[in-house]
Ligand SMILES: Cc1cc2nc3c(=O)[nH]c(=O)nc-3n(C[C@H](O)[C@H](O)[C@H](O)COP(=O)(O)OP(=O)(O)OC[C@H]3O[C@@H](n4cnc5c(N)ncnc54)[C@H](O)[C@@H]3O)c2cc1C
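Only one chain is given next, in structure tokens, and it is the form predicted alone.
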């Protein structure tokens, strides 16, 4: 066959598994890199382990893309994508510096990013843990608080009680103690615009989250937002003034702007609408995966911007993009197995099962499962092409089978 190309845009979990799945199809078809060239384009040389950036030592939460994909003969290009054109039969990617690349098949997997507030009234550093660099900056700042003499030295204000905010808030007591905060002097304040904690996590998980917050004496400021902030304090919309040296924003995620920019149909989070094979609606030879895609995971339940969905979305998108080139049959995406495993610091963790989030484990038992997920299951094989390609096959794991495997692991 004439040489073809697949370009994967994005080096997160979806992008890595899309590239690996495409390489597996290429191998299974008896072809090599001279027949189908697979390239992954990423801003940086690492897969960042974003689900772990609330933990200690966030600077270590990354893996070399070359170590993952190099053995499978996937080229990793470290460059920023500035534009993607999809109005021709071959998608065209423009890189920073002006180089353009045409692809026979494109997998768009450029991920999501934190929506930071645009308020002139916030006149201070606004920390986040959206990237390794950002999380490391926060970690270094917390370590430096021992040298401060200002009021609110050991007070951290976290905005947003979603998944990320809750995991960070419950990890902060141990971070502050490690930085030298006396037990009776540090303070963690959670600000949430809703009238209930962790609104998107649902009512079934809320009692355990509240118990963990009580355990750490985390203060809740519900139905509140940040009105303004300067170097000394944070003013909330309810009138509270909090002396604090540390303000962390975790509220709101949106798909990469590159998704919206291709001119296709998107949802309220800027995610591309795809068909059951993850092809972008109305766009030729383009698939989407991970946080830039909105797909039906299970009988009307849409995918979430999560590592859990990104990994399998990537596998299906990469498989189908490569299958299109070798003349095989595409596989329809489905992901009925869904769990929520929330870390709650030294308190333990919380594991729920299914879309209604039925709680099945709490405390130390759930913590063991969270550590298994974070420290082993989400890591792709490194320096081992056979293991990577063996793990790259898209699959539909039924819900009951999935939860039993996880609980017995």
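This one's a predicted model, so the numbers in the text were calculated from it and none came from an experiment. Numbering follows the first chain given and starts at 1.
Beyond the structure shown, there is the form predicted in complex with this ligand, which is absent from this document and is the topic of what follows.
Visitor: Just give me the single entry in 190, 145, 129, 205 that has a non-hydrogen atom within 4.5 angstroms of this ligand in the model of the complex.
Guide: None of the others qualify; the residue that does is 129.
Visitor: Using heavy atoms only and a 4.5 Å cut-off, determine which of 179, 233, 269, 307 is in contact with this ligand in the model of the complex.
Guide: Flagged contact: 307.
Visitor: Determine which one of 351-359, 379-387, 39-47, 25-33 lies within 4.5 Å of this ligand in the model of the complex, judging by heavy atom distances; exactly one does.
Guide: Checking each option against the 4.5 Å cut-off leaves 39-47.
Visitor: Against this ligand in the model of the complex, would residue 12 count as a contact residue? Criterion: heavy atoms within 4.5 Å.
Guide: Residue-level check for residue 12: yes, a contact with this ligand.
Visitor: Could you tell me if residue 370 has a non-hydrogen atom within 4.5 Å of this ligand in the model of the complex?
Guide: Yes, residue 370 lies within 4.5 Å of this ligand in the model of the complex.
Visitor: Can you check whether residue 51 is within 4.5 Å of this ligand in the model of the complex, heavy atom basis?
Guide: Because a heavy atom of residue 51 falls inside 4.5 Å of this ligand in the model of the complex, the answer is yes.
Visitor: Should residue 110 be classed as touching this ligand in the model of the complex when contacts are defined as heavy atoms within 4.5 Å?
Guide: Yes, contact at 4.5 Å.
Visitor: For the stretch 279-296, which residues lie within 4.5 Å of this ligand in the model of the complex by non-hydrogen atom distance?
Guide: The stretch touches the partner through 289, 290, 291.
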